[in-house]
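For reference, the chain that follows is the form predicted alone, supplied as structure tokens.
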Amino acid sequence: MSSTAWKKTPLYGEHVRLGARMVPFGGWLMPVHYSGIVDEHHSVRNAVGMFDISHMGQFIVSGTGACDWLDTMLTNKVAKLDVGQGQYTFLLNNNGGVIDDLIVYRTGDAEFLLVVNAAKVEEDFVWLEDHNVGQVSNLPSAKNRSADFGGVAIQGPRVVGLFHELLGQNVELPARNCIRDFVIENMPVSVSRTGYTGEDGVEVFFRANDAAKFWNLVLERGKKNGAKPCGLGARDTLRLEMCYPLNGSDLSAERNPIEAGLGFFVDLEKRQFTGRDKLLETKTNGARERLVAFKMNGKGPPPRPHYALFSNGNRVGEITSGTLSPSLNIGIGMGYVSAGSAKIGTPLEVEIRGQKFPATIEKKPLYKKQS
């Protein structure tokens, strides 16, 4: 794909103006870093960092049958949500494989906002539309509003202080996994208390034509709280320290949520949802492979995706995500290994350029915030 064919978010001009290094990602040109991955990583762990998430998709599903229909399409129980609440969930194929992991918010009695991964927007929407036939009475309507809206994720221990600068000292942010509407400097915004870093944080959605104004307002008002723009590089190191999966790497159409260790977000008590039978079979019989987290033992080259994993001299799996952890100062990663080799504490070897380096399967998350 030529550089002119990559899509650009409404904040592209701001990234270029701030000197970000831009890279292709999921069909978009996105900032990989500004001041550097390690610096931005520590900014989020210690202060506040802001990420452009305008490339992610936003769908509105509405109508009297919306809740019942979404419950047939997604793994978590949508009907549990009160207005203003959200949940992490999966959209699966017929074989139980992950098409996408997403967050669904109930924004009204019969209205839902789905925030989906950037590379999956078209695929997700087509899948949902193709399956919106005869599943429930009162078929809902689905609208892809992705092109009209932007968003940012603002993450870090000082995020509440930053939002008091924006909204006033007496305004409460939404509770964890909840969403609320505000008006900031005449800009209508939706603020949800979620995140992909392990820190306190919010995601803010706004009209695309307000994107640059909101971005610059946060950077200006957030100076006293150390707010910095951050790119995809820090997002990846932060989420991997927390063992949060990346769609297309740790999650794929060939893997199901049980294998990925994410059964908590699957409600098998629901009578019907796409992929349920396969997940029930996996839970009953046990997964043949499981997604594990590991740390390297000592210094050495950082682990990378597709490196082979060995145990007792036998190849038992492959890395799906790997990096050098800025917080732990050691190589970390996740990968699928045979179920018999997936126990916490199991020694592994990572094959890197023909050499094997020792590692150990660890309990998730790999990074634990100091109290």
Partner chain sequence: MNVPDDLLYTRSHEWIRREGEKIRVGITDHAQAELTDVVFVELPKVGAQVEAQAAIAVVESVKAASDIYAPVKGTVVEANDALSNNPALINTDPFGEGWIFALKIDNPDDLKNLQSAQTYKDQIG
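Note that this is a predicted model, so its numbers are computed, not measured. Positions refer to the first chain, counted from 1.
Keep in mind the form predicted together with its partner chain is missing from the figure; the text below concerns it.
The chain is drawn here without its partner chain; in the model of the complex, the stretch among 63-71, 47-55, 339-347, 301-309 whose residues come within 4.5 Å of it by any heavy atom is 301-309. Residue 21 is the only one of 21, 17, 356, 363 with a heavy atom lying within 4.5 Å of its partner chain in the model of the complex. Taking 190, 76, 146, 237 one by one, only a single residue has any non-hydrogen atom within 4.5 Å of its partner chain in the model of the complex, and it is 237. Taking the partner from elsewhere, residue 38 is found to have a heavy atom lying within 4.5 Å of its partner chain in the model of the complex.
Under a 4.5 angstroms non-hydrogen atom cutoff, its partner chain in the model of the complex lacks residue 321 among its neighbouring residues.
The closest non-hydrogen atom of residue 32 lies within 4.5 Å of its partner chain in the model of the complex.
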